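One chain comes next, on its own, written out as structure tokens in the form predicted alone.
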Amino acid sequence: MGIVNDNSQNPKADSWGELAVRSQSGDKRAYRQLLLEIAPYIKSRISKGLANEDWSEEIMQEVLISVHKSLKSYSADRPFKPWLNAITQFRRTDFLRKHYKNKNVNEASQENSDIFSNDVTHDTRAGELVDIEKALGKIPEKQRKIFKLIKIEGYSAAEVAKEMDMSVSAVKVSAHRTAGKLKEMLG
């Protein structure tokens, strides 16, 4: 069983790795060509299953920015397309997570204002939130960011590792240790 070539839908995809390597060397034509070729591919990957067609343009721009920022990390000995697909999936997921998180918070605050007044902003529970925020403020910034991304915002360890340029295991260890420190502080 061999590796299946996933370039059947886009024969130009074979040259993307070469264009990326030339771009890393400062070849502006190759960089421009790479962006021109990958943009429609990214958009086609993103647009499947989106509730709003306008989002695909926004997400595609985020992917192109990420490609620009991460291009130096691309390694010529690896296929370009899986590298691009990982960035595309991460940006799509990130966009949707933020969109639906904001939508859910707005809807919840409008539809369930009694829940917020009885639970979230209730005087007897307000002290708990302040204590947690104070404890988080005592955690080093990098650990605090990892903890918030994983435990509060719901990102996976793999997503956080990629974003922070760390190994997945290092991210998991950091989140676990931070949780332990918070338990001690809030004891």
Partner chain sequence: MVRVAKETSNIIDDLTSELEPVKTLKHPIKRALPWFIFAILYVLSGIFLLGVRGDFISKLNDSTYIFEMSLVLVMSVSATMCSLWMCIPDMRGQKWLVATSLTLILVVLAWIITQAVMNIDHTPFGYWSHCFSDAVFFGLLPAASIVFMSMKGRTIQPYLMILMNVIAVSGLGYIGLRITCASDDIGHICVFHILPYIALGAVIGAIGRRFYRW
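Between two forms, the rigid core is defined as the largest C-alpha subset superposing within 1.5 Å. Note that the structure is predicted; figures quoted are calculated from it, not measured. Residue numbers count along the first chain shown, from 1.
Just so you know, the form predicted in complex with its partner chain exists too; it's not on screen, but the next bit is about it.
A heavy atom within 4.5 Å of its partner chain in the predicted complex is found for one listed residue only; from A161, I150, L64, I139, this is L64. Its partner chain is not shown here, but in the predicted complex it comes within 4.5 Å of a heavy atom of Y31. Proximity of H99 to its partner chain in the predicted complex: non-hydrogen atoms within 4.5 Å are absent; the residue sits far from the partner. Although the partner is absent here, H68 sits close enough that one of its heavy atoms falls within 4.5 Å of its partner chain in the predicted complex.
The closest non-hydrogen atom of P40 lies within 4.5 Å of its partner chain in the predicted complex.
When the rigid core is held fixed, the Cα atom of A20 travels less than 2 angstroms between this form and the one not shown. Once you line up the core between this form and the one not shown, the Cα of A161 ends up 2 Å or more from where it was. Annotation for the pair S66/S167: C-alpha atoms approach each other in the predicted complex, by 3 Å or more compared with this form. In the predicted complex, the CA atoms of S167 and S23 draw together by 3 angstroms or more relative to this form.
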